[in-house]
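Presented as structure tokens, the chain that follows is alone, the form predicted alone.
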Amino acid sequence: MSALAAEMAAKALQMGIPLSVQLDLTYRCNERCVHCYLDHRDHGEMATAEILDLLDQMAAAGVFYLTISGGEIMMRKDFFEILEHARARTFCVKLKTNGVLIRAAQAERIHALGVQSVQISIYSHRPEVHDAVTKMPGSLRQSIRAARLLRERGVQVIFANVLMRQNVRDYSGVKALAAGLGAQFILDPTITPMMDGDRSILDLNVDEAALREVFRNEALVGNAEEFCAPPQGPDADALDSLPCSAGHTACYVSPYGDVYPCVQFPLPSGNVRSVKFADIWRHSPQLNEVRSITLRDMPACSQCTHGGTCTRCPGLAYLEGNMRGPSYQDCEKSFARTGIASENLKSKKASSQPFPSSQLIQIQCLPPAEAIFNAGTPPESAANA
């Protein structure tokens, strides 16, 4: 993060401004990725007029960064009308797409509108692997074509590679493919549950050995020895720190107008179809509860040796039953990184205790990441990716 961006984030936090919003336009998609937890049916998406009005409300509330995602954003016929309106409101716009529907005309329009970046999901450099993940023959070829068309016009492109059993050895190939096209590369090591609470999809997560190998890859994490250093436990500053930007300077809005702290933190906090965006941001009891939580308020995590260094995601913890508790998936990552198991990890492994599967998750979205690796830098929260 640049010094200017850090200063903006600090001031937004101090002033209670929603600096960054992810808006999903649709959950419909032309791919059927094996790791996706979306319900791809349309259950009543916001109409064009509703979205344009929402963008006006967001601009008035102080939103600066706007990530437009889905589903596949270009499944909406009004996509460019929405994008033009967003840029007219001077949002710094980032797009997330599979790129399949991008041709020369669309790439030219994206460039002309001054989009900050376009993130394209690439699961492998091998067509047989990527296309098996998306369940769409020819999808890698079409996604790469989109990336090339955008890069030819000077648009910043990011390849997002979700790590799973099917492609566990392919991230280096995707990274090389990105470099060849002048694109950036990020690696997402987290699979998240299905929207109905079904956790069987977590079987796609890579095993401990593969995760450890990734966390020790200096091309991904920088200084591996420093990154994987034994934890020292949380100090006073860490205990008073905020878990992440979710609900503090960032939030997520679904295609149906539902507001959540983050795309991966499905705590229902209001709906913009019945309440103004700014009123939800300022007065939602759920968002205010999220804002009240520091590491000190988390009984297990505040006492954990990993407390000051863990990339614990409150959204993943919420999905596991308690947003003030630890996330088993994050405990696994801390163990893979340092070789030291948390007490939560030890107890879960000892009891083989299953996670609650009855809790219904009320959003559907592109699989988010608890931690995203940018080549050569430590992981960041997906909320800021």
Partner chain sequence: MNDTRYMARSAAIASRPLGDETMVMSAASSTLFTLDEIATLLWESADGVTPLDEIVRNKICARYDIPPDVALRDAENFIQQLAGHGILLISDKPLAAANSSPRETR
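Positions refer to the first chain, counted from 1. Keep in mind that what you see is a predicted model, and the values were worked out from it rather than measured.
Same protein, other form: the form predicted in complex with its partner chain, not shown, and the subject of what follows.
- Here is the short version: of 224, 275, 129, 113, the single residue with a heavy atom within 4.5 Å of its partner chain in the predicted complex is 113.
- This chain appears without its partner; in the predicted complex, the one residue of 258, 289, 84, 152 with a heavy atom within 4.5 Å of its partner chain is 84.
- The chain is drawn here without its partner chain; in the predicted complex, the stretch among 132-140, 155-163, 172-180, 262-270 whose residues come within 4.5 Å of it by any heavy atom is 155-163.
- In the predicted complex, at least one heavy atom of residue 19 sits within 4.5 Å of its partner chain.
- Contact check for residue 88: a non-hydrogen atom falls within 4.5 Å of its partner chain in the predicted complex.
- When contacts are judged by a 4.5 Å heavy atom cut-off, residue 59 counts as touching its partner chain in the predicted complex.
- In the predicted complex, its partner chain sits within 4.5 Å of a heavy atom belonging to residue 63.
- Contact residues in stretch 8-39 (any heavy atom within 4.5 Å of its partner chain, taken in the predicted complex) are 8, 11, 12, 15, 17, 19.
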